[in-house]
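Listed next as structure tokens is one chain, alone, in the form predicted alone.
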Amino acid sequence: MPESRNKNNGQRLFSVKDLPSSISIDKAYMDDEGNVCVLFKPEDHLSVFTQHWLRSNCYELNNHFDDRSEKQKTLWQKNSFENGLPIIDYDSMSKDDTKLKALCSLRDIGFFVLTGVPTVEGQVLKVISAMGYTRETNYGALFEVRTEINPNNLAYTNLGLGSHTDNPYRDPVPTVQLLHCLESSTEGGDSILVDGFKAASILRDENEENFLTLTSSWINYRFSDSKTDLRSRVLMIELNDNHEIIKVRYNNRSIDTINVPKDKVRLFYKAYRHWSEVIERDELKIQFKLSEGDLMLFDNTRVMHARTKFSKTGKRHLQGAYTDLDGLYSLLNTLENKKND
């Protein structure tokens, strides 16, 4: 009823604690417009519902809403992209239809690649600002990915990196990562992506005990240098209340000392090793080289990324930054609502 909500923003004006403990339905009927009317006692409060709203919100008739779970995603592997990767021209991102297409790709498969992004330092932040908000960390608003002397992270060397998610030592973790290629004249340094939800589903199919071990074993991650000491205690594979995968975390470089109950140590390492083997299977990996002006954006709670080793000759310079799914999904929902109006 109008008196129950603010007329400007629709937010509820009362708390559940304000309801009588003896509340009951006095009668229910349909009005002349086909709405369902329910009169509650003892306050004689009348609630009016459309039939469409009741049906679409009936728990037993509808799937629960969870836009982060595996059930709402399209799981993929190497051979899933015979028609090409989700590549979008940056200049067209000013159009709502293109932006909607890109964000649907992020939601459904976990990533997309922009081409033709100006090779200007800091441009990655402008890409974020057109869709959401920058998540600043101890690395700054953006970070440089190129070889350094005495680096505080192996990402800043020319070594290959195994499949991983970024920053599992943070809670909450940055949920979206962007990498923008400014220079690329080295041999090697190809980008690799793996669908972590697909990998986790394979682990579940191959050994349910290992899967359940990783969904119930809280472990520590840590990152520290002269200025920073970040720690978290989290799950490698996180499920929702319907036992659907909603997050994966894996970073062999920053896992801390394993501290699980002694009766679970062997089970944990057995599951951990199996998980590590699954995510490095060639049939799960898509591999491509970012050229100058390319930018890839991916869901850091789902998609693992890696790179091949690259030569010490030539130049390879990427700038990276983080944002969050909340802002991007909000824009996606707004654009979808606008299109459906």
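Residues carry their position along the shown sequence, with the first being 1. Remember, predicted model here, so these are calculated numbers, not experimental data.
The form predicted together with ligand OGA is left out here; the points below concern that form.
K.L.:
Among 209 to 217, 162 to 170, 77 to 85, 117 to 125, which stretch has residues with heavy atoms no more than 4.5 Å from ligand OGA in the predicted bound form?
P.N.:
Comparing against ligand OGA in the predicted bound form, the contact stretch is 162 to 170.
K.L.:
So, Leu318 and ligand OGA: in the predicted bound form, are they within 4.5 Å at any heavy atom pair?
P.N.:
It does: once ligand OGA is placed as it appears in the predicted bound form, Leu318 has a heavy atom within 4.5 Å of it.
K.L.:
Gln177: heavy atom within 4.5 Å of ligand OGA in the predicted bound form?
P.N.:
Yes.
K.L.:
Would Phe268 sit within 4.5 Å of ligand OGA in the predicted bound form, counting heavy atoms only?
P.N.:
Residue-level check for Phe268: no, no contact with ligand OGA.
K.L.:
Does Tyr90 make contact with ligand OGA in the predicted bound form, using a 4.5 Å heavy atom cut-off?
P.N.:
Close contact is absent here: in the predicted bound form, Tyr90 is far from ligand OGA, nothing within 4.5 Å, heavy atoms only.
K.L.:
Just to be sure I understand the contacts: of Leu106, Ile255, Val145, Val113, which is the one whose heavy atoms reach within 4.5 angstroms of ligand OGA in the predicted bound form?
P.N.:
After the contact test, the surviving option is Val145.
K.L.:
What is the one choice in His274, Arg68, Lys285, His305 with a heavy atom within 4.5 Å of ligand OGA in the predicted bound form?
P.N.:
Residue within 4.5 Å of the partner: His305.
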